[in-house]
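Below sits a lone chain in structure tokens, taken as the form predicted on its own.
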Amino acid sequence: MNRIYAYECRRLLFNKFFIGLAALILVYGHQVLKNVTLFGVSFTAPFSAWSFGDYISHMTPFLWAGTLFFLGFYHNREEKRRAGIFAAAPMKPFVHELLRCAAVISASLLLVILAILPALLFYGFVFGCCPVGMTAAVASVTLLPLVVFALGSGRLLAHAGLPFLYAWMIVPFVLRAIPLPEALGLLNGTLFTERPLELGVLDPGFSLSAGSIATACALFVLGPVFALVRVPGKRQ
């Protein structure tokens, strides 16, 4: 099983899309850090949790799209032609599906690491610090629920049809262009630019409102729920 897992990971990671997306994340991340994060957001320090959260919110749409691409990779025409080969293998289809899911999760986590790495290097070179604890905490409470939701909802839409999955890829880009209620600020990044101003103190400590916490929890729960939904008429 380890060999099959490694094989599936190689298929996801050693392709033009992943290489291009990884390069885009690194280049775009550098631009955001240099032109936005360096000056701090909403009168907070550049190395504050708020500024880092704003940086992550700029990267989220690309991480979302990458995660959905990994899921769609197993539902294109070429994969359907290979279905008979995999069906003839001695491994049970359910186990193979789990290994593919593990490969998708691993590839998605690698994208997350690639998105966070430029920030850590930026803090280290510019400010002489490497706030690993802060970045891990902020990413866990803000980015992780979105990635989990993308994995679950993306798996459901991939089985429903690739057009639905591709349409779902652009949702985060659209959300960043429209105003949302404060409780949904996690979805378009306004949480990190508006809440520090609402707290009414200079460079406040990082905190989430009850609405933001409810949104994060809902995303974290709905992801696995959607992943377990079976589409009528579609083979899982």
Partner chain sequence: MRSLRLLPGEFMRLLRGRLTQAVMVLTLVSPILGIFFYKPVLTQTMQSVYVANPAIAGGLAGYLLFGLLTILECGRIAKTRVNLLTDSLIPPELMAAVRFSALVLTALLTLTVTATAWLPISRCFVGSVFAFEDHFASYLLFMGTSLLFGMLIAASAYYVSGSTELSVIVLLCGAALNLTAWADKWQLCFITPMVDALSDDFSNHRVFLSVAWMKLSWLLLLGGIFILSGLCIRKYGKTLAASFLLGAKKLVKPAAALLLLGCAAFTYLRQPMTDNSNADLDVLSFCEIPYLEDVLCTGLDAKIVPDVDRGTLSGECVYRFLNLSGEERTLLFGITPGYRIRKALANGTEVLHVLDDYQEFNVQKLELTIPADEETQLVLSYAGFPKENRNISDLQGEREISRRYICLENANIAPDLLNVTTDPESFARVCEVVLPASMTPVSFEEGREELVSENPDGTKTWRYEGDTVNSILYAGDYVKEEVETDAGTVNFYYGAKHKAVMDEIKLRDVVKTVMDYCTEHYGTPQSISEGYVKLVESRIVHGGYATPGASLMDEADFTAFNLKDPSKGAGGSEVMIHELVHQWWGLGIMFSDMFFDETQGPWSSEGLTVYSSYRIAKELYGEEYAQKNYIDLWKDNLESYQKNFYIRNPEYLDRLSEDERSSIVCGLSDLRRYDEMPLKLLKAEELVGGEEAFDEILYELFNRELDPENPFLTYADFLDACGLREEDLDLE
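Predicted model, so just to flag it, every value in this text is computed and none were measured. Residue numbers count along the first chain shown, from 1.
The discussion below concerns the form predicted together with the partner chain, not included here.
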Using heavy atoms and a 4.5 Å cut-off, decide whether W168, L187 and R195 all contact the partner chain in the predicted complex.
no
F206 versus the partner chain, in the predicted complex: is there a non-hydrogen atom within 4.5 Å?
no
Check G20 for me: does it contact the partner chain in the predicted complex (non-hydrogen atoms, 4.5 angstroms)?
yes
So, T44 and the partner chain: in the predicted complex, are they within 4.5 Å at any heavy atom pair?
yes
Considering non-hydrogen atoms and a 4.5 Å limit, does the partner chain approach A183 in the predicted complex?
no
So which of 139 to 147, 100 to 108, 120 to 128, 153 to 161 is the stretch with heavy atoms within 4.5 Å of the partner chain in the predicted complex?
120 to 128
Within 48 to 63, which residues have a heavy atom closer than or equal to 4.5 Å from the partner chain in the predicted complex?
H58, F62
